[in-house]
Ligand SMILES: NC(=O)c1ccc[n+]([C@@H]2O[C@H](COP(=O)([O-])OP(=O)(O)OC[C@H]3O[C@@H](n4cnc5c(N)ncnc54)[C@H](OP(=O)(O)O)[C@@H]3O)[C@@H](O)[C@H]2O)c1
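Okay, so here's just one chain, in structure tokens, the form predicted on its own.
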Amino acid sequence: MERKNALIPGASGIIGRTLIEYLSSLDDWNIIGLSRRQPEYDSRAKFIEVDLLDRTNCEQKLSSLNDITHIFYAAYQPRQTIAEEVAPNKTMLVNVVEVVETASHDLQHVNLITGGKYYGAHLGAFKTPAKESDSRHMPPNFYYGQLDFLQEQQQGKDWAWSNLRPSHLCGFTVGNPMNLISVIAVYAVISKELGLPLRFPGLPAAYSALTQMADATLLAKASIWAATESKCRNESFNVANGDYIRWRHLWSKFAEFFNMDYAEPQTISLTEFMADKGTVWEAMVKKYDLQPYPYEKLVAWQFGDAVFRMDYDVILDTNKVRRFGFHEYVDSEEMFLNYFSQLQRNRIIP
């Protein structure tokens, strides 16, 4: 069996961690993860601490990697504005690909993971179901710069690229607060601790809008499939669980899971109303013997606000990925409950 050598920039995030965990279950992959700090989980992967924004540091740390066959790019640097995100996020990708391409002559594939923002899902109502062939929205959008670079860089080369665009991503991670699982779970257990029922905190129309989820493990499987299937060379694919949800059908189920009362939605700003709950969380950590992760690193409440204020459908067309041969699916309700259970087993929440 020919072994493949995977390089995963963004090893500390939801996507990178899940990719490493899934690749570790396969016998024919060697794995190297890249991140600015040592990840907080055990793995058979090798990890390299590197600043992807620093070209000199990238050359120092990555130039010796002469046998990389696949890059699964999942790194991301947030900024205050959409425009400010463009330069750093393109620079990191350019640094990784150019340095590794020069060092590893056996490079076969670069897999870039973007998302629903490609279609402007973060801007407001957009054409749904969104198809891979749809026109771009008015820039800036750092995904456009990344994909344009890959397309140009690949011209005349033996390696290929693929681009996966998941809908709302859900997975298990700690230390990465932009995670919808953590937002819901921590909001729920704090509500319960305060003697409150669980209420959907978003807009009334968002409560009933149709949307999709993308399980991180499903995305990992799709990424590996796209990176090793010849028909996927230089193609983009939407990825989602395969079902559709409305929050109004799920939040009572969440309350039942956490053994708490449920009440009708009440629109609040999570960013504002959860800002002072750090002392509550610290007391809960001691009371329930939870792992002592800092409150500010556990949840990005502004991320929850953004998702729960999407008062329009967020639907990606997944016909193409299935037509090309990827048929995995996940039940979204089961996914949420399974990840809540995983947070409990790992003593992240009570």
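Everything numeric here is computed off the predicted structure, so don't read it as measured data. All residue numbers are counted from 1 along the displayed sequence.
Only in words, not in the display: the form predicted in complex with the named molecule, which the text now covers.
Stretch-level contact analysis of 290-298, 49-57, 62-70, 318-326 against the named molecule in the predicted complex, using heavy atoms and a 4.5 Å limit, identifies 49-57. Listed residues 208, 153, 77, 252 were compared with the named molecule in the predicted complex; 77 is the one with a heavy atom within 4.5 Å. In the predicted complex, residue 29 stays away from the named molecule, with no heavy atom inside 4.5 Å. Not displayed here, the named molecule is kept clear of residue 330 by more than 4.5 Å at the level of heavy atoms in the predicted complex. Using a 4.5 Å cutoff between non-hydrogen atoms, residue 265 does not count as a contact of the named molecule in the predicted complex. The named molecule is not shown here, but in the predicted complex it comes within 4.5 Å of a heavy atom of residue 14. Across the proposed site, 115, 143 and 169 without exception bring a heavy atom within 4.5 Å of the named molecule in the predicted complex. Contacts of stretch 299-319 with the named molecule in the predicted complex, defined by any heavy atom lying within 4.5 Å, are made by 303 alone.
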